[in-house]
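Single chain ahead, by itself, as structure tokens, in the form predicted on its own.
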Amino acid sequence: MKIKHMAMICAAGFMAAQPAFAHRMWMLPSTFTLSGDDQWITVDGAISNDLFFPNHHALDYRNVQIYTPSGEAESVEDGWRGRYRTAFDVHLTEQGTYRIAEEGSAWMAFYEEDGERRRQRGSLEELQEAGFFDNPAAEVFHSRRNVETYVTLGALSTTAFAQTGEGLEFRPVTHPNDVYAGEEARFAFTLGGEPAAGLEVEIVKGNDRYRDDPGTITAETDENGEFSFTPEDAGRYWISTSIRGEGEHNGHAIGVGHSYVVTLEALGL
């Protein structure tokens, strides 16, 4: 069963945070823009210390959804998962922009036992049955993540940018497949359908394992939830943000966290 985000959240009650994971998740398509009527791409996915070099853990392709230019959601039919990397193919048959998204959700409870702080992971139903929601000394936390990338066949389109009004969402101002080195690119985030102001955004160019200085760029979203950056060089970039705060589920206070990652390509002029 797919668990929907049921906590009622007020954006003003959140505190922006650094991206929550030391190991960085990413998906990387073999090509970001293509022409023609019928094309294939292969997408790699991993959690790694170095961007786009799989060296820690494979991403699970079974959590991936393909959103077509016409707005349909499709699952990955077949893929391969190794120890450090997963790979799957996507058949592009519609003209326009596809959104490829790995969407995850997790529940956990923190509690003390024998004087030690412990943690238990499980589904919402499992934590409810274990009594954590009725234990005032326990802390329940719900986290959601989105790891995305965009690929366009033919002309650019925007249907893939449709917002659901739930959780932390990416709202491109500059099309992700229309980013060029030396030109400003502008994007935005929403939280619960409202502009997510004050988020700290981290931007890193790929192949950072070959640089003494990873060259991390940081930006902060303005009152409209927007931020911008100008890629100095052509190449593939990793953009991430996260947020944590408080919410509630069926009248019980819980902690809530969201993280978001998108991989895109800056083209040369």
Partner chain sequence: MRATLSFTALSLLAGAASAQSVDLGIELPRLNVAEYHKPYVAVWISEPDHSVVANLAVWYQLDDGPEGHGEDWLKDIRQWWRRTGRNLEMPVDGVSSPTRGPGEYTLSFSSDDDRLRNLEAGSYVLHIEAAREVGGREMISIPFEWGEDVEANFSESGSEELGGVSLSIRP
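Residue numbers count along the first chain shown, from 1. Since we're looking at a predicted model, the values are computed, not measured.
Below, we refer to the form predicted together with the partner chain, which is not included among the displayed structures.
Residue contact check for Tyr180: one or more of its heavy atoms lie within 4.5 Å of the partner chain in the model of the complex.
At a distance threshold of 4.5 angstroms between non-hydrogen atoms, Leu156 is in contact with the partner chain in the model of the complex. Though the partner is left out of this view, Leu34 does reach within 4.5 Å of the partner chain in the model of the complex, counting heavy atoms only. In the model of the complex, Gln39 approaches the partner chain with a heavy atom inside 4.5 Å.
Of the candidate stretches 100-108, 72-80, 170-178, 189-197, only 170-178 contains residues with a heavy atom within 4.5 Å of the partner chain in the model of the complex.
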